[in-house]
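Only one chain comes next, encoded as structure tokens, the form predicted alone.
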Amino acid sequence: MKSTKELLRQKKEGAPWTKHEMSSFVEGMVTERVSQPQIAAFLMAACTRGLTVQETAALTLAMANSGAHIVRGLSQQPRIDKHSTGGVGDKVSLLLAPLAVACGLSVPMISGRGLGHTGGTLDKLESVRGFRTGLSIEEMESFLQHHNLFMAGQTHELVPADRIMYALRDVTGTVENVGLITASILSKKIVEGLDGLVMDMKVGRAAFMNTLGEACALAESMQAVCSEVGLPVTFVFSRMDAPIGMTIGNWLEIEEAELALATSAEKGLQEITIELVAQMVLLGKVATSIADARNTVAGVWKSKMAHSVFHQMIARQGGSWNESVAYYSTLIPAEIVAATDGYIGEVDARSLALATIDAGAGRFVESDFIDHAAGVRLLHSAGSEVRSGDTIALAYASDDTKRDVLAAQLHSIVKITAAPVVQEPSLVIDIWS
């Protein structure tokens, strides 16, 4: 048996590790037989020398097996999940999970917090007064068995190796590596005991992957590993230049999602949500064609069944919707007013996200306090005609000074143009199934 020191020396020189060597190294991380400097050395070697498909698959499985798994077969409904690589205003999961359950799927959604300039589903859910994201594995399994849905955070028992590695990736500058990203995402999905996975691969100026080529490289890595471990997966590549929907910020986004399930959503938000849920329905064999799947989702949305599923989940996990609405309605927003006649230009999602983080909607370091009220409500879509004096956006924050600073920033982010901007016909770029 090779020592950790010898394995690291070989990896530094580009030699691949066997499945057994990778498994032993990951086990050593969790049991603390492998030191933090040795883990950091592995991460740097993985970035500089790369990981083969076989190594990435071995790392993914070893990480998945480093802790507990959610029991399979808790209900008769196919167990399908969705994961996004991160966006601005991306409240899709909040609509998608209830819609998927109403369509006949079981959805064990283990979500994350905001990362960089992108928002996190857990932070949005926790803006609901009393909502619990810290569920035990027993609670997760009970909710799946009886209700086919939970939305929660990663527990200490699930994929502990990922928590150890991610903390070091952040401080060693090894976050943006295809193999390590693949293993981090898929290990958390494997422990959910899925029958299928849909990946929303965000592409654009406000995405972690700015180009389609970068997104395809990650998708190819994930596709290869999913094939190795026997997990059916579909990739939906979608645009991430402008915000999704009309709100950015934790409470504002969950409020928009709830209203959308009761009525209808902004065009882009509705399109990408229906497409992702339809791909989940197809993977779960609830429909026989993608056209049938899309029609099923649209019909379920119109029936408002998903709106009921949403509120049942909120209440089941301790949230008080009415109390939340009453609390946030007391906040007075700052108005952003059009200075001239014209058209709403394309909104730079990344700049908007950074401005809302400055106002308290996100974190710069893990210990930062989140102001769940902070955010922006856009009142007009890009291309809409407005008149001088029209209110075009609202800025929110619990701190009045931060709210006013955010409002001032919005004057340069939400611009008025002389002619309508050219809109892309669809948020969806491509689909791999």
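Computed from a prediction, not measured in an experiment: that's the story for all the values here. Start at 1 with the first residue shown and count on from there. Take the two forms, superpose them, and find the largest set of C-alpha atoms that agree within 1.5 Å; that set is the rigid core.
In what follows, reference is made to the form predicted in complex with uracil, a form of this protein that is not presented.
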Does the 4.5 Å heavy atom contact test between Met246 and uracil in the predicted bound form come out positive?
no
So in the predicted bound form, does Lys124 come within 4.5 Å of uracil, heavy atom to heavy atom?
no
May I ask you to check whether Ser184 falls inside a 4.5 Å heavy atom distance of uracil in the predicted bound form?
yes
Check whether Lys188 has any heavy atom within 4.5 Å of a heavy atom of uracil in the predicted bound form, and answer yes or no.
yes
Heavy atom within 4.5 Å of uracil in the predicted bound form: which of Arg350, His83, Arg79, His307 fits that? Just give me the one.
His83
Region of this chain that lies against uracil in the predicted bound form, out of 100-108, 228-236, 84-92, 332-340 [heavy atom, 4.5 Å]:
84-92
At a 4.5 angstroms cut-off on non-hydrogen atoms, which residues of 384-417 are near uracil in the predicted bound form? List them in order.
none
Leu43 C-alpha shift between the shown form and the other one of 2 Å or more, rigid core reference
yes
Following rigid core alignment, is the displacement of the Lys285 C-alpha between the shown form and the other one equal to or greater than 2 angstroms?
no
Rigid core fitted, is the C-alpha displacement of Leu406 between the shown form and the other one 2 Å or more?
no
